[in-house]
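The data below hold one chain only, encoded as structure tokens and taken in the form predicted on its own.
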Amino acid sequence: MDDMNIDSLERLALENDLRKALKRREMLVYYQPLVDQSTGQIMSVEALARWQHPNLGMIYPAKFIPIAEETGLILPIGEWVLMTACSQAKAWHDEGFSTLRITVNLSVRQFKQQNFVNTVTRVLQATGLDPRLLELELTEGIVMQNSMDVLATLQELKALGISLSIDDFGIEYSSLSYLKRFPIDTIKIDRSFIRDIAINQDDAAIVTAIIAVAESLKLKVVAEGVENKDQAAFLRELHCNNIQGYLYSRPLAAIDMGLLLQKGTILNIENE
């Protein structure tokens, strides 16, 4: 019982602090590159929220995003992340990295806002970012609702020129029919299937099937959570060269990501 009370108190304290985090400029955006392992070229970067708590240090999304979702704080935080990421991407484009794509995650609550497309349009106008270089990353939970409202919103986003991807693909038990019905460009295979892909036949079979389905529907595929050469080599055999993970780079602060971009290409960490 005492442990439960401690957990409740800790959560309440985090919630109270989270309400002040944006105003106190404690929120940060880190960036993780997506690499074409056949060339070493950075194709895009994914924007990832971080919270630099004044007393607790760096807090990762797994701890504060659920609180933000439950309280509705995800709406101002999500919009701030989108604005910050688009502004940073435009700055990199102006520095000469003109084809770099920026990927931003969306929560269910963000996506279901009545004025969400207007919010995205306003951010694009404010930052001057080319919408063709913005990718919005959805969870399967959003598209699994399979409603006309979801379809209408996705079509409006596509009409702006924005790309759409499905994050953590495969972890939801769902029909694959939405891949055909909705205007999705990319699927990102969840890291749980990548972890043991080189040694577990079931994971290997699942990833092989996902890639085959994606190819038949002319969708791009990204493998998340690639951490070692064996995983990368297996994916290369399946012609899945778009990979993201610690093998190439952890999420980085904007200044460090800029230095990585200046290198032109990126070798995996084990080869550096």
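Note that residue numbering follows the sequence shown and begins at 1. Remember, predicted model here, so these are calculated numbers, not experimental data.
If you look for the form predicted in complex with a small molecule, you will not find it shown, but the lines that follow are about it.
- For the options H93, R101, R191, K158, the one in contact with the small molecule in the predicted complex, meaning a heavy atom within 4.5 Å, is R191.
- Interface residue among A49, V207, V35, V222, judged by heavy atoms within 4.5 Å of the small molecule in the predicted complex: A49.
- Taken together, the three residues F97, L134 and S163 all stay farther than 4.5 Å from the small molecule in the predicted complex, as judged by their closest heavy atom.
- Using a 4.5 angstroms threshold between heavy atoms, A232 stays clear of the small molecule in the predicted complex.
- Interface membership of D130, defined by any non-hydrogen atom within 4.5 Å of the small molecule in the predicted complex, is ruled out.
- By the criterion of a heavy atom within 4.5 Å, P61 is counted among the residues contacting the small molecule in the predicted complex.
- The closest non-hydrogen atom of P251 lies within 4.5 Å of the small molecule in the predicted complex.
- Looking at 211-219, 232-240, 53-61, 37-45, the stretch with residues near the small molecule in the predicted complex, meaning non-hydrogen atoms within 4.5 angstroms, turns out to be 53-61.
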